[in-house]
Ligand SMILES: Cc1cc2nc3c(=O)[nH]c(=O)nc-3n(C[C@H](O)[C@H](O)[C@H](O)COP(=O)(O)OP(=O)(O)OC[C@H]3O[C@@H](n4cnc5c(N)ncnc54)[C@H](O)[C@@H]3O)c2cc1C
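Have a look below at one chain only, the form predicted on its own, in structure tokens format.
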């Protein structure tokens, strides 16, 4: 897949940004679970948050393919994958839904801050009893005059502890099931909204994830994102874009792992020979290379389809499944090849493994991606059909 001259220039621009302003080690922040505010500001000032947004909305309008290539470069060169995860959550679960479904007033109010980095978006969809079955959510929204009252809770809210604006999904009519889901824009300072401290996660620790509680949380009528009952379309749009772009950082990270592993096996000697000369070691290196070459086109194809205005739900599910599994296995191979050095926290591949494991869970578990792929291929679904009232 050949890239245009514009995308090649953008890739060089992103590499320069990463080299000049994002080269700091993430070991200490990972240990402390600390959000990298300096890195966020550097990415905002470097235009990363504007990449996929149309020019008429204040963005750079480079398209999704170019954004994916940029994310690959950031994943290869930036130590802190948690920062990149937060940027992706901000873009695909916050910015793009407003661009695609927001009113002109909502765009005018929120996009300037979201694009210059002064406003961070969080995503409130998952609940303790509604994870893979996200549209079984119990958070409700009821009319009270011109306002809406939100009641419920959300778990695993990406960017929740640092978010200034939350995209929250709730049901306005439980009897309608999926057709009753509605998205709301809820500022952090809204009375009745409570945000938790960061959760103590295994990986992506520098990306702040928390829970929120909504108790008699009143929002105005113009807080609805899209239309009442249109939340499923908004959520699915987010996931379609996210599954392509958020995995691009792992493609870049696999490239970095391969470079480091090749260098290591050439320099590390045992029994008088470089360990790369032993077939069992060389085979792992070959497998790492093969995963990169199969993962990259899957992710970039999503960008091409969306830039052409086409659907990519099937392709996004395939890419999410394959790339996340490849990222985990390549991280395991990198740890094994580097031995005790790969096992130490002061290195990067140990953290890569912890970060990669999350990719099999977020944006829909890999088990659900298989179900989705089968359904999109026309196979009988293993899941019960939902009636309009939400029952099975």
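The model shown is predicted, which means the values in this text are computed figures rather than measured ones. Positions refer to the first chain, counted from 1.
Form predicted together with the named molecule: not shown, discussed below.
Colleague: Quick one: is residue 106 in contact with the named molecule in the model of the complex, heavy atoms, 4.5 Å cut-off?
Modeller: Although the named molecule is absent here, residue 106 would stay clear of it in the model of the complex, with no heavy atoms inside 4.5 Å.
Colleague: Considering non-hydrogen atoms and a 4.5 Å limit, does the named molecule approach residue 135 in the model of the complex?
Modeller: Heavy-atom contact with the named molecule at 4.5 Å: absent for residue 135.
Colleague: Decide whether residue 46 counts as a contact residue for the named molecule in the model of the complex under a heavy atom distance cut-off of 4.5 Å.
Modeller: Result no; residue 46 lies far from the named molecule in the model of the complex.
Colleague: Taking heavy atoms and a 4.5 Å cut-off, does residue 41 contact the named molecule in the model of the complex?
Modeller: Residue 41: no, not in contact with the named molecule in the model of the complex.
Colleague: Report the stretch among 123 to 131, 69 to 77, 293 to 301, 224 to 232 that approaches the named molecule in the model of the complex to within 4.5 Å, counting heavy atoms only.
Modeller: Every other range fails; the passing one is 123 to 131.
Colleague: Tell me, out of 157, 217, 98, 261, which residue has a non-hydrogen atom within 4.5 angstroms of the named molecule in the model of the complex.
Modeller: Filtering the options by heavy-atom distance leaves 157.
Colleague: Exactly one of 85, 184, 92, 148 has a non-hydrogen atom within 4.5 Å of the named molecule in the model of the complex; which residue is it?
Modeller: Only one listed residue qualifies here, and that residue is 85.
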